[in-house]
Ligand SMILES: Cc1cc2nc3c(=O)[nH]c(=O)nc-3n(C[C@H](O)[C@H](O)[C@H](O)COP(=O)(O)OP(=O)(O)OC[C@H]3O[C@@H](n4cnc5c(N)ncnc54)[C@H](O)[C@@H]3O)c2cc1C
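Take a look at this single chain, the form predicted alone, given in structure tokens.
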């Protein structure tokens, strides 16, 4: 079972199937797929390059537009963005843009291409980045390419944030995370791991030391419900995902599991547990299927593994390891008993000892800047409605633009 966890589930294109898929592209003049990509990766352009056998050109397009292109190719919910805009979907089905991008970025490694040449440090300003999840990493890369000096502060022992410690290995291998991280760090970043801002160094100290500070800590704390607190049978999805990934899936899992929640994280933990050998995994979800938050790909993967999904139910009470759920709309209750109860009901910001004001998990900012300071918020804690990796890349591009304006004005 461990081997299944460490092998990517999605089948790769071959050169033949890649060309077959690219040949389906309608080569739209005003490509809606490119308009629909939050990060501006420009799928229309790289698919056109693939279609005309210009793989190197395709690699350049992806990497120049999306510094985390290899990661986004694997984890982006493309059916919500580029593939939703694909004109081909009106004829039969959308182009599989994610898998084409995955092939391209894998070929980047095969060809030993280095599209992001190390820049000359032509600017005097130094910028600190707190957190090395997707938004922090992307911001670091774009700042380095502009010639700024960048220091990254990360509380864990390795960079990557949720990319490394949350997304399962079968979806995003840490070998891919390593390559993307190394590509950015090699541009000249200085890295401080095992360093918690607010504990090992204060935010105030960073404000004084650096010309600008980027806060990219993400939604790093699992939400809970009072009825589940201090229950030995209950764990959070993000803590369990981290344990599984750190151990490469080599952990013992119980047979009967209830998962409360139905987003991508819930599908990730349900699929992981099933792959690792749990016999009965049931997801009890607040949303009904018509309003599901999980991506189509994640939901399909869970169903293919015979994971039970009860939609439209909310937890009513819990007694030890037995939970009673009530349907939101119909007069129905179900009782379920399990060896383990996993909460996957969302995440929130944990800004302990960081003196920044938040409103509903968003830092109070004006165009990313916290008024009266040199601090900028990025990623999930910024005014970013797309809580995804590709959304994090978009906010990174925008915050770098705002910082450049701020420093020039200063």
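These figures come from a predicted structure and were not determined experimentally. Residue numbers count along the first chain shown, from 1.
Omitted here: the form predicted together with the ligand. The next part is about that form.
- The contact with the ligand in the predicted bound form, taken as any heavy atom within 4.5 Å, belongs to 219 out of 187, 219, 276, 318.
- For the residues 301, 249, 312, 77, the 4.5 Å heavy atom test against the ligand in the predicted bound form is passed only by 77.
- Look at 224-232, 147-155, 178-186, 278-286: in the predicted bound form, residues with non-hydrogen atoms within 4.5 angstroms of the ligand sit in 147-155.
- The shortest heavy atom separation between residue 387 and the ligand in the predicted bound form is within 4.5 Å.
- Although the partner is absent here, residue 167 is a contact residue: one of its heavy atoms lies within 4.5 angstroms of the ligand in the predicted bound form.
- Using a 4.5 angstroms limit between non-hydrogen atoms, residue 354 touches the ligand in the predicted bound form.
- Residue contact with the ligand in the predicted bound form: residue 162 places a heavy atom within 4.5 Å of it.
- Scanning 262-279 for heavy atoms within 4.5 Å of the ligand in the predicted bound form gives 265, 268 in sequence order.
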